[in-house]
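As a starting point, one isolated chain is supplied in structure tokens, in the form predicted alone.
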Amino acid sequence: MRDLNVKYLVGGPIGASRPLPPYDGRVCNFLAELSRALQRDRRTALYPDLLSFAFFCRKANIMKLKKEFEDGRVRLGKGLAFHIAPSNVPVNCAFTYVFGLLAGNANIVRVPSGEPRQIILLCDIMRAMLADEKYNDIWDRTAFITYGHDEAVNDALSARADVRVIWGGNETISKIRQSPIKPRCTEITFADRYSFALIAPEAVADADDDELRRLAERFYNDTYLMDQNACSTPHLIIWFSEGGEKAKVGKQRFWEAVCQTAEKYDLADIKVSDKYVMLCRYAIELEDIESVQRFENLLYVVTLQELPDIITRLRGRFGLFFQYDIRQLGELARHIDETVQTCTCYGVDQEAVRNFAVNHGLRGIDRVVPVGSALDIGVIWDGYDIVRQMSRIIG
């Protein structure tokens, strides 16, 4: 690794390091201290995603995950994990590192290009912590790096890896897979995914003003915070209802509240123009648009008479959403393929949605979570039990 054309943001070349058991005490203590260090630093408050990461790493959560992980089996990390982090959600590079560390591995993490500010801050804090000798074991297992589109680096790191984790979509996966891996290397890939929201409009109509504001804020966090770029962000809102006047009231209340919340959104001129061009393109390409409702430039809502067979065509950005009405969950079955990841719910029984996925043998819907939790990444993601897959059982 010393001869590779890479820039180290944290750590240095990783040599041979022995795997640790999952949730090793040294790792858990380091993550708890990292959480405290991030929360103490005033700069972290500028980055909600980094605060969420700090909250994930807190001691209570790590101990909870450890308890859930333990099943009486003896496990050990696989060795060296090579992570290619996504560019659309910068803080994912921190989460994938933590998953590898919790599994007992040494970790080389390729940070998104452009070196996002919150990741530079994270790296600054980590470097200061890892300078302490008590974290030598963590230092030996940590490298955050950046490099350009360099096949030689991909080849070298892939050839060494015992685990390769690829985030960033189908194109990235295809490119990285041109670099061979060892026969026993475990590969985990996070392909392009699509998500939607399932909302009962009557529940919105019945919500008091405070609850409606909270709902709008949670929906804003799921969508606008990442410009609708995250794989778990809903683009399509499915209204689950028998219809009627109350349902109409609920829908209108919802969108008006979302628009009001979105007034704090950084709606740059380029976003306005891109969103308008996108709307015009859909008006030409989609045959089943019933109406378009505009709430100033902050929010466009496209109402559909019918869903296209491939709902993943329905993708918005910067506050462009699609909506459609159903009376029964079964109406969605033929539209759910393996690309569908997250269903966020409000006023809908989440267990009923899970049962719907099971009873129909759906290849999609890996997560069913409340509105506001779309971006809450965890050790189970995209249907993977990540820490278990990055470790091995000694039977």
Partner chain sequence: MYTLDELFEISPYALEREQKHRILTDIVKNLSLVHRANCMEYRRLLGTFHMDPATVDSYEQLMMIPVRLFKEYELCSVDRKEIFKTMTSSGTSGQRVSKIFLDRKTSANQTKALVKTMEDFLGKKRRPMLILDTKAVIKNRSLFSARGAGILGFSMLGYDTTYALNENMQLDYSVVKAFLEKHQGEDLFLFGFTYIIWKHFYKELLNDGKTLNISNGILLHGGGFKKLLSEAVDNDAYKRCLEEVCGLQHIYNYYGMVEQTGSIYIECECGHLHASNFSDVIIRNPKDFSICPMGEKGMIELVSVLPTSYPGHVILTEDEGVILGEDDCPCGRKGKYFKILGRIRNAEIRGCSDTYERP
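Positions refer to the first chain, counted from 1. What you see is a predicted model, and the numbers here were worked out from it, not measured in a lab.
Omitted here: the form predicted in complex with the partner chain. The next part is about that form.
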Inset, instruction - Decide if the three candidate residues 229, 274 and 284 all line the partner chain in the predicted bound form, where lining means a heavy atom within 4.5 Å. - result: yes
Legend entry - Candidate stretches 196-204, 263-271, 67-75, 120-128 - the one whose heavy atoms come within 4.5 Å of the partner chain in the predicted bound form: 263-271
Legend entry - Contact of residue 95 with the partner chain in the predicted bound form (heavy atom, 4.5 Å): no
Inset, instruction - Flag residue 168 as yes or no: does it have a non-hydrogen atom within 4.5 angstroms of any non-hydrogen atom of the partner chain in the predicted bound form? - result: yes
Inset, instruction - Answer for residue 300 alone: is it within 4.5 Å of the partner chain in the predicted bound form, judged on heavy atom distances? - result: yes
Inset, instruction - Look up in the predicted bound form whether residue 142 has a non-hydrogen atom within 4.5 angstroms of the partner chain, and give yes or no. - result: no
Legend entry - Selected contact from 110, 235, 251, 164, since only one has a non-hydrogen atom within 4.5 angstroms of the partner chain in the predicted bound form: 110
Legend entry - Among the candidates 314, 176, 102, 212, the residue which, in the predicted bound form, approaches the partner chain to within 4.5 Å (heavy atoms): 176
Inset, instruction - Within 4.5 Å of the partner chain in the predicted bound form, which residues of 70-93 have a heavy atom? Give them in sequence order, or say none. - result: 84, 85, 86, 87, 88, 89
